[in-house]
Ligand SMILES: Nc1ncnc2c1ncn2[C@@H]1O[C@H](COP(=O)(O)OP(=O)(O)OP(=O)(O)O)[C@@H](O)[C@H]1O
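Shown here is one chain on its own, the form predicted alone, set out as structure tokens.
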């Protein structure tokens, strides 16, 4: 089971959208995927049509009450895609765990003890827009990091701190952790600003910069309000094309081969058009 942390301490850069739709794109290739909503805002939970206010078995149960992970997993409307939901009580986890020894390793230990791990190929963590205990748990448990990044100059602010935290986790708690890629999101190829920022990101991250681009797309913004992934809400949109392309690129990045039968059955991703939204 490959463990992926989707993280950026800046809010509004596409973390939840990427976690849900990357997970869905991988699931559409025949892999079984588990999404963990680690954000007290519970946006991922809503995105897959769950009600945070009605959930009693959430990630808080695992982190605070040591509930076994298998009791928290729920199916979604997408085949092969499952979720562990969040709710607002997760906001108090930082304070509750403040004095607990080994608080950064709770999630890793829960995944290591998860008897259903053999049934999942991937687990994706949707991290909160901060670098506290919740994000630390995701980084300690993860194999790879995906960093969604908005194509604007302010998005470069704070990246040094994020990279410093990742390096600290690599050094002290999780030597196997690797940055898989930086994913440009909300890109408008028609503007000079986006092109300039992409060049700047390329200068900083080089081969870690994904080739896929997630363009500004109204359908991506609409999908959460319907509780659907982009593939359910608008399968012919640029948003669906972009995440399908990124899903295929991401699997290549981490060395995962799509089964031949699945690859043959899947529709090829169309070439990404130059316009901004559809």
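Residue numbers count along the first chain shown, from 1. On a predicted model such as this, the values are computed, not experimentally measured, just so you know.
Keep in mind that the form predicted in complex with the ligand is not shown, yet the notes after this line are about it.
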Stretch in contact in the predicted complex with the ligand, which is absent here, among 39-47, 25-33, 247-255, 226-234 (heavy atoms within 4.5 Å): 39-47
With the cut-off set at 4.5 Å between non-hydrogen atoms, does residue 186 touch the ligand in the predicted complex? yes
I'd like to know if residue 12 sits close to the ligand in the predicted complex, meaning any non-hydrogen atom pair within 4.5 angstroms. yes
In the predicted complex, does residue 216 come within 4.5 Å of the ligand, counting heavy atoms only? yes
In the predicted complex, does residue 220 come within 4.5 Å of the ligand, counting heavy atoms only? yes
